[in-house]
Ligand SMILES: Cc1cc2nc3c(=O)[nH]c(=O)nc-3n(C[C@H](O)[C@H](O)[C@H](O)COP(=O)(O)OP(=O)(O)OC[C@H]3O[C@@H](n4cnc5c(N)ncnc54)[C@H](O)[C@@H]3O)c2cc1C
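Here's a solo chain for you in structure tokens, the form predicted on its own.
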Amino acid sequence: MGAATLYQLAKAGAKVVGIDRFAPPHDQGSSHGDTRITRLAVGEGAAYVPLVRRSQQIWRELEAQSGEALFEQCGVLVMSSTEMAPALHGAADFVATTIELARTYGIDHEILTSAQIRARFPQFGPIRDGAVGYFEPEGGFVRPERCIATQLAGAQALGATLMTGATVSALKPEGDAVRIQAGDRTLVAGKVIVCAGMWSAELLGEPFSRLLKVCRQTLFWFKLAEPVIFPAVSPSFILVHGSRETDSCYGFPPIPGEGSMKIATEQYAPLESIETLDRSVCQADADEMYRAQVAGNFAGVTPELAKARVCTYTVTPDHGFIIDDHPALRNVTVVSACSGHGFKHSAAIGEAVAQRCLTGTSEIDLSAFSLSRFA
């Protein structure tokens, strides 16, 4: 969110400084791990559809300008059993909402039977009879590290300043401006936009310290069996394969040359402290992930772990976004938390927030993400 907003503000001609405690793109927050799913029919709700549609346009614009490959349009396949109503990201029936939004917004899609899924995508061969699939050919994945680096480079080329290795410790009103303490430097700005992810609650105080919880997530890459049965063009996927809350996962097609499949689940146990976040992944974690999510659900994937990573979700009570003014700090706008499903929307959020910051309004309606819903 920060990289996108910095780029869009610089593009609009604003004098802007981006501050990060690390050196983005980095692996200390929520926006790493090589790939992030993007899909137009967003099962989390209708308010997200304009954001993801515009984001996909911006990724293509950035690709044309930079020559970087950012958006892989390989399609997205959402699968679940017909007798279930899987709740994900606050949607009571995620798959039904996805299909309804696709029909409402004229998004190209197919509804597939279990036999059709197995015939087209042999990697899902073990899928149970009676399963239903939603396939969206315009979806796929974006490459978060490349997207961040491209937008930061674009912002700097347009005159933005980037301060890395500087932790913002305080925001204080100073007349109509805001004083920012960043390491041993002090800046004064007319407006401040905070896209601090898991560090937001600590920096912003109430009500954010009450509303936001940070949850540790693990990402796994399992090696593929030989010969590889994945089709040349395979979709990103979301799979609900049982009635329990833990019976779901998401993942990506193999990246050429890597010989592995990335897969992950979502965990919502809050961390006691972000300072004690364990970034290690042990073999027992990988074994349990394979047993619970891969074995019996995917063909052509071995138990051998290629690599693993840890990231975080910063989650709101309703699993939605927060994009709003800080209720106690004048001229401070809060952008995030995004509850683990924000990256596909980030390019358009950056554009909308930049518009809101400079003109008071944005072309895309952001009212669904206001703090007032938690009052």
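Predicted model only: the values in this text are computed from it and were never measured. Numbering starts at 1 and follows the sequence shown.
Only in words, not in the display: the form predicted in complex with the named molecule, which the text now covers.
Note on the interface: of 215 to 223, 67 to 75, 294 to 302, 105 to 113, the segment with non-hydrogen atoms within 4.5 angstroms of the named molecule in the predicted complex is 215 to 223. No member of the trio G43, A47 and A348 reaches the named molecule in the predicted complex with any non-hydrogen atom inside 4.5 Å.
With the partner omitted from this view, the residue of K307, R36, H319, R53 that lies near the named molecule in the predicted complex is R36 [heavy atom within 4.5 Å]. When the named molecule is considered in the predicted complex, only one residue from L101, A286, A166, A177 comes within 4.5 Å through any heavy atom, namely A166.
Contact check for Y250: a non-hydrogen atom falls within 4.5 Å of the named molecule in the predicted complex. In the predicted complex, R356 stays away from the named molecule, with no heavy atom inside 4.5 Å. When the named molecule is considered in the predicted complex, V240 lies well away from it, no heavy atom lying within 4.5 Å.
In the predicted complex, G197 approaches the named molecule with a heavy atom inside 4.5 Å. Contacts with the named molecule in the predicted complex, taken as any heavy atom within 4.5 Å, map to no residue of 224 to 247.
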